[in-house]
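Quick setup: one chain, the form predicted alone, written in structure tokens, and binding and motion questions come after.
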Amino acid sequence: MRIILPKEQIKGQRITISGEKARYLISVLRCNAGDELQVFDGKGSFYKSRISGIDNKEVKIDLLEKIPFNTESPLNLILMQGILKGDKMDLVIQKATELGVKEIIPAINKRSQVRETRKASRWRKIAEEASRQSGRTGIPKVHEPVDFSSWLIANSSLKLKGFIFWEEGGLPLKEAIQNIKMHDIRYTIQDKKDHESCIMNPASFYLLVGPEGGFTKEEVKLAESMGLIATSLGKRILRAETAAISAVALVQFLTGDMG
């Protein structure tokens, strides 16, 4: 059994959990005193733990041993997803989290059918649960929804790297990946003066997937002007949620920690 807690909440040798996390342990996992538990801090460590007592809807946990643990992808993938209707967005959040994305940016596009939502907190809970179930040591950051074009223009100074997936054209994904250096996906050099002693950090790599209606030509041209590469997932037109999951899985397979 495992649970994810904020690192700042894990202090001392014994902690007390209340609220929603306590209800999850008591009502869903049916935990009892004496049960062993893995407590993840979302920052690369987990604690071998034991439930010492359950009292008044609170769970007391003894932290027995801290163990460094990392299941995170070497890629710093950021999925910008056009907001989808109904539970389709929930599915994308869940599966993208399982596949290892680090951030998810819900976007409002010109062809978006959903133009206003208050589901960001719900999506964060889905991401946390998916992280727990998939054994991730981190939880992806789910941003508040943004206007697609405005966000690109506002972040033009970032020199964005990545792909915009467009069913109407673009390079095949494998060719698009071959057109950029592996180094550009995996790392960014922070000290260019001394290549031998440079500090290497994962570089942000963006995957842009449109809503049900897809991207407009203007949106694709704007993304390309920001440095992103228009690419395709094949000849067949995929549903938006299928395209998002496929895009993340394929990039992970070709350049990340899958396969």
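Owing to the predicted nature of the structure, the values given are computational and were not obtained by experimental measurement. In case it trips you up, residue 1 is the first one in the sequence shown, and so on.
The form predicted together with S-adenosylmethionine (SAM) exists for this protein as well; it is not shown, and the discussion that follows is about that form.
Partner proximity in the predicted bound form, defined as non-hydrogen atoms within 4.5 angstroms of S-adenosylmethionine (SAM), places exactly one of 89-97, 159-167, 70-78, 131-139 at the interface: 159-167. Residue contact with S-adenosylmethionine (SAM) in the predicted bound form: residue 233 places a heavy atom within 4.5 Å of it.
S-adenosylmethionine (SAM) is not drawn, but in the predicted bound form it has no heavy atom within 4.5 Å of residue 224. Residue 35 falls outside the set of residues with a heavy atom inside 4.5 Å of S-adenosylmethionine (SAM) in the predicted bound form. A residue is said to contact a partner when one of its heavy atoms sits within 4.5 Å of a partner heavy atom; residue 215 meets this definition for S-adenosylmethionine (SAM) in the predicted bound form. Checked against S-adenosylmethionine (SAM) in the predicted bound form, the residues 10, 17, 240, 25 give one hit for a heavy atom within 4.5 Å, which is 240.
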